[in-house]
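Before any questions on how it binds or moves, here is one chain, the form predicted on its own, in structure tokens.
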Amino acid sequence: MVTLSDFGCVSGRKATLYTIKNGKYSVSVSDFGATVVNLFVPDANGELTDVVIGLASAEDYENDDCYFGATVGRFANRIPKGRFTLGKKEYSLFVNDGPNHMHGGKVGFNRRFFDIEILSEHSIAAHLVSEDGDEGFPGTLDFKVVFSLSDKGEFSIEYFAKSDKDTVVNFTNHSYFNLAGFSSPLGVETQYLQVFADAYLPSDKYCMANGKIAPVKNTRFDLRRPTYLANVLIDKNGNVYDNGRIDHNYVLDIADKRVFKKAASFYSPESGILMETYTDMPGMQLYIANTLYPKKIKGGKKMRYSALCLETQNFPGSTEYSYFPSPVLKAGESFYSKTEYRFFIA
């Protein structure tokens, strides 16, 4: 069933929280930013555990710069130097991450109100029209994201888009996961992650992909087997690697053929919760949230490794490097993509 509740107010407009319940599972999505606020799944003891990190009200999300749970668009991740060429025309975008454009710009989808439609007892659609020239992008974009929850613990996110002009798109959901639950004192360094990718995209100091595709073998980015994350973040002498930062895109599929496949497996020994991520997108950005500290998040917890993001998407820099899967959406053509998070007890 879908229930509605007040979620505060943004710029004089009331925000609403839509909660989908199905069996033992529930997910709450706000119409502000089409944002995933809560996701409750049962742990090994049958206790409901909120596995996404977030904020308490729409007002908090209005001032958020971490994209907690947000639907990200028009273009997730980074566009080099805030510009791209399409056809024979160069487009300039808002620069908001070093020298680059990131996550839709100054006022991305995470700061927009969506129109919500209840599709069924277990599914809602969030709709937004992004006008021609919005944040510098060409074309009026008709965008919809559908959230669905099954009684087997399958949480799916489907993206639909169409533009009246050629444009570039890249959508993702920016949920921060901690499978021990946000109320746990443990961070994700105590959990295990497996990423089904043989290669990743090296990046510069601004986390911008440099155009190379590198094998993960013999690097700390090799997560092809379940890996205790503390070993990825901290060396044997207790020193933190690279300030604890991981913000890199894994290559799931270099061919732009949209095959639905398993991208990652994430497990908490404390809760017994296992989450598998499936997607038809060619890449997945792994962001381990070292920068949340000392930000205050839902429940008042402050931790360095509060959570991690598994952002399924196209490659950062795909507007720049022609050998990356193309982000171009032709006028009148339809874009579709699906990501699914499946929860189990292991």
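Numbers for residues come from their place in the sequence shown, where the first is 1. Bear in mind the structure is a predicted one, so any value in this text is a computation, not a measurement.
The form predicted in complex with a small molecule is left out here; the points below concern that form.
- With the partner removed from view, the residue among L93, M102, L229, L223 that has a non-hydrogen atom within 4.5 Å of the small molecule in the predicted complex turns out to be M102.
- Proximity to the small molecule in the predicted complex, defined as a heavy atom within 4.5 Å, singles out one entry of F109, F137, Y176, F171, which is Y176.
- Proximity of R78 to the small molecule in the predicted complex: non-hydrogen atoms within 4.5 Å are present.
- Using a 4.5 Å cutoff between non-hydrogen atoms, Y67 counts as a contact of the small molecule in the predicted complex.
- In the predicted complex, the small molecule lies within 4.5 Å of some heavy atom of Q285.
- Not displayed here, the small molecule is kept clear of E189 by more than 4.5 Å at the level of heavy atoms in the predicted complex.
- Judged by heavy atoms within 4.5 Å of the small molecule in the predicted complex, the contact stretch among the candidates 273-281, 39-47, 25-33, 58-66 is 58-66.
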